[in-house]
Each structure stands twice: as C-alpha cells, then as structure tokens.
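As structure tokens, one chain now follows by itself in the form predicted on its own.
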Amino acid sequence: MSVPGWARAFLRLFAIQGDWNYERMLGIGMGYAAEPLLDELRTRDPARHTAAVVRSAEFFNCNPNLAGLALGALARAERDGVPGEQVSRLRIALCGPLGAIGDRLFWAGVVPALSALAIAAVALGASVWAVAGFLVAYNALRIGTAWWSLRTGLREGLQVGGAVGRSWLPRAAERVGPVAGFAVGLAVPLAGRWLLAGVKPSAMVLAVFLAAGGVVLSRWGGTHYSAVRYALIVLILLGAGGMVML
C-alpha cells in the first residue's frame, strides 16, 4: 500500500535542514519535502510539474518548525493552478512572518523554558529523568506543530496568512516569553547552588578572574584575537568544570 503524499511530505519536514546552505537556506529541503505533494501534477500537467519542482527548491528561510505552513500552502497553490509569479511572491512573503513568529515561539520561548526547567529539575535531583522529560516534551510539541502546520497550509492555500493570524500561534508566541523568563529565573539560583556546592573560595576567585579576562578580551581585543577569544571561552568552561570537583 502506497503512503499518501501528505504523509511522506510530513516525514520529510524533519529533514528540511539536511541541505541547509547560505545560497538557498531551507530551499533544497523545501523542494525535497514538496516533491510528494506535487507528484499528481506529473501526469495531469507535466509542464506545470517541472516548473513547480524548480520553484519549490528556490530560496526560502523561516523557522523550520513552521515550514510546513509554507510547504502546504505553496503546494496547494501549485495544484490549484495559481500563476507561477504569484506562487513565488507568496513564497517570499511567508519568510518573514513565519521566521519571526517561529523564532519568538521556539528559540526565545519553548527551548529556553524547557531547558531551564530541565536544569532546575536536575539541580533538585531528577537526574536523567529531567533530560528525558525535556526530549519528550520538545519533540511532542515539534511533531504536533509540524502536523498542524502542514495540514493548515494544504487546507488554506493562498489564505494561509490570514489563517496564521487567527490561529494559536500569535497568542502562544506572546505568552511563552514570560514563561521562559520565569523558568530561567528559577533555574539559575538552583543550578548555581548545585554546581558550586563544595567549591573552595580560591576556586571561586579564579573563576571570576578568568571570566573577567574573557569579557575584557571580547570587548577590547579586536578582530585579530577572535581565535584567542574562543579558545579562552573553552578554557573557562573546562576550568570551571574542574573547579566544581575541587
């Protein structure tokens, strides 16, 4: 039994960054994910199919978690016979909003919040279960968002912009920020107490000195000291890890 095109496209969404590059960003991954959705054009309109496949791999950049909205909407537009120029304009128009909302929701909200909660849980003794909880929660949200995004894009087509504005995304992006701030504020003192337990005062002074050196170098060292700066950051991390064991 053959797998439906939308199901194959959904699975390919998780490899959308597999060929990320500076020339097309997510473009190649979008083209790979769009192929199953455009397959019906192969026999119905071969010329349109060829043009659609080429367009699907052009430059595209947004948050990968919301790429399904653009993927579905663009594939729907191609199958509905929307002029190619209009499809390209839609492709360009979706980059900014999906990038802004997605970054605010995931990179500035969900990921910091879940990471901080996991760190706080480890500091309180949850150990590996905190890491497992983080992975389960994030991937559940990632999979659910990808599923909703692709189905919404396929349903709405050219009207996907309005659908995004009416959806849960703007409200979630607005509300997750304070949650992330609370989680980070909770995690910092708990993690600090856990990491610094048993550390000698001399080690604390040395750590502060090394950290101050990194700040000075990054602020006034200039571009010629980039390699040294990054090396110093690594040394600080390694040294701090060793000091915790003192």
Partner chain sequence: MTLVLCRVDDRLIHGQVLVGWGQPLGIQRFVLADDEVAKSGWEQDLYRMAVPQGLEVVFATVASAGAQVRAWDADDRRTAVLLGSVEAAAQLYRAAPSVVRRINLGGIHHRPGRVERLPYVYLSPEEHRLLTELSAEGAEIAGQDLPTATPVPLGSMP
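Positions refer to the first chain, counted from 1. Quick caveat: nothing in here was measured; it's all calculated off a predicted structure.
What follows is about the form predicted together with the partner chain, which we do not show.
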Contact between Arg151 and the partner chain in the predicted complex at 4.5 Å, heavy atoms?
no
Answer yes if any heavy atom of Glu174 is within 4.5 Å of a heavy atom of the partner chain in the predicted complex; otherwise answer no.
yes
Classify Arg104 as contacting or not contacting the partner chain in the predicted complex by the rule of any non-hydrogen atom within 4.5 angstroms, answering yes or no.
yes
Against the partner chain in the predicted complex, would Arg155 count as a contact residue? Criterion: heavy atoms within 4.5 Å.
no
May I ask you to list the residues of 30-61 that have any heavy atom within 4.5 angstroms of the partner chain in the predicted complex, in sequence order?
Phe59, Asn61
